[in-house]
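Only one chain comes next, encoded as structure tokens, the form predicted alone.
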């Protein structure tokens, strides 16, 4: 009898422990952004508190998302919600993407043409709009514009609307860098392997976009992107040379510098400008010794000398799209869609989006005063609201491969070191694009 009683007690204890361990997750979300992993953990707890629905969030390590998704998607408990990287990402994961055209989130997407489509169906919804350009420190540029002996007649950053004016101001600022108290106008151009994405991807976006536009290629739907002539390579060279020749660091030394070095130089006032995106504000404010005031941080478009660039704005877009696993049960898919709508429409969810995730969300569920509050996010929103200004979309989502970008970045470094001519850089760009696009 004692043995039987003990067995019953043991089984009861096991049942109690199982019940205390919590139910299996209703939704499994595979997150792409490691920098906000802890925020998504908070979101999961808040969502369960409000709805009783358990959300499991797993975050892939930086640079391993595709590999992690490939591993997780084949499991019995596969992600219900995952992310795809533009049209190329959809092409790779189309067998797992459910149609989202009837979801509430898609109905509230401000620009429905920004979604990933296949015919009349929608398979990816952008969840954050980001922008990048030339970030400048207004305190330093104002100091330049107050100089009585400056060589230009430009009076403010608002007067810079093309490459010729930007070049004149930058080169004159370099001539007066001691008076301005800076080591260079631009922060170092980080060309260390793995740290060169601002140039081999973000800066390269501009000439690729303009070539697609000239050839009337709709890169969001056309498959005719397997060949590139690098027609606007001289425009890329214009701004790239301006960066490296008016920098805090000699061009030959750039192979050892990282993005963090650039942002630290900007934050500590060693330079006046740096190319990066609105996500960089968190880097700036966290730098030890940061002296840049919030009200002094703003964006200028990346002017390269193309025709009629006075109407060009920032590079604005996204490479992050939400998808729902079509192989999940109907109930799971509905719960996933409900969670995504909650995140971008409820008071609790929107507060997370604007105050902790720092997303500029592309949904009409956000009023003007609910937008992201950091200065670079506001600057992106301001540029998007300017009449007569056309933002440059992110065409780099159709770049053929990571190998192509790495090889182009390596060629740029060799050019800075004097080991490769510009003509060889152009040849590398065209050849590697064609090879990787096959």
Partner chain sequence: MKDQLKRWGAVFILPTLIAFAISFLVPFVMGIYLSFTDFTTVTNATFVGADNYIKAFTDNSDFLNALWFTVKFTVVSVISINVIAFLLAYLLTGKIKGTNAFRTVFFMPNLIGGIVLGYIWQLIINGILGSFGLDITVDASYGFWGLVVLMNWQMVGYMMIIYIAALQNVPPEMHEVAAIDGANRRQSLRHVILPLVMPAITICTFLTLTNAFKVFDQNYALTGGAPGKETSMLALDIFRTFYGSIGREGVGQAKAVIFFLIVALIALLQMKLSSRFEKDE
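In this text, all values refer to a predicted model and were calculated from it rather than measured experimentally. Numbering follows the first chain given and starts at 1.
Only in words, not in the display: the form predicted together with the partner chain, which the text now covers.
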TODO: State yes or no: in the predicted bound form, is some non-hydrogen atom of residue 45 no more than 4.5 angstroms from a non-hydrogen atom of the partner chain?
DONE: no
Open item on the list: Considering non-hydrogen atoms and a 4.5 Å limit, does the partner chain approach residue 67 in the predicted bound form?
Closed with: yes
Open item on the list: If we define contact as a non-hydrogen atom of the residue within 4.5 angstroms of the partner, is residue 253 a contact of the partner chain in the predicted bound form?
Closed with: yes
Task: Distance check, residue 401 to the partner chain in the predicted bound form, heavy atom within 4.5 Å - done: yes
Task: in the predicted bound form, the one of 356, 88, 177, 112 near the partner chain [non-hydrogen atom within 4.5 angstroms] - done: 88
Open item on the list: Considering non-hydrogen atoms and a 4.5 Å limit, which listed residue (282, 74, 308, 107) is close to the partner chain in the predicted bound form?
Closed with: 74
Open item on the list: Since the partner isn't included here, can you check whether the partner chain sits close to all of 92, 432 and 436 in the predicted bound form (heavy atom within 4.5 Å for each)?
Closed with: yes
TODO: Could you tell me which of 253-261, 167-175, 357-365, 294-302 sits within 4.5 Å of the partner chain in the predicted bound form, going by non-hydrogen atoms?
DONE: 253-261
- [ ] Quick one: name the residues from 400-430 with any non-hydrogen atom within 4.5 angstroms of the partner chain in the predicted bound form.
- [x] 400, 401, 402, 403, 406, 407, 410, 413, 414, 417, 419
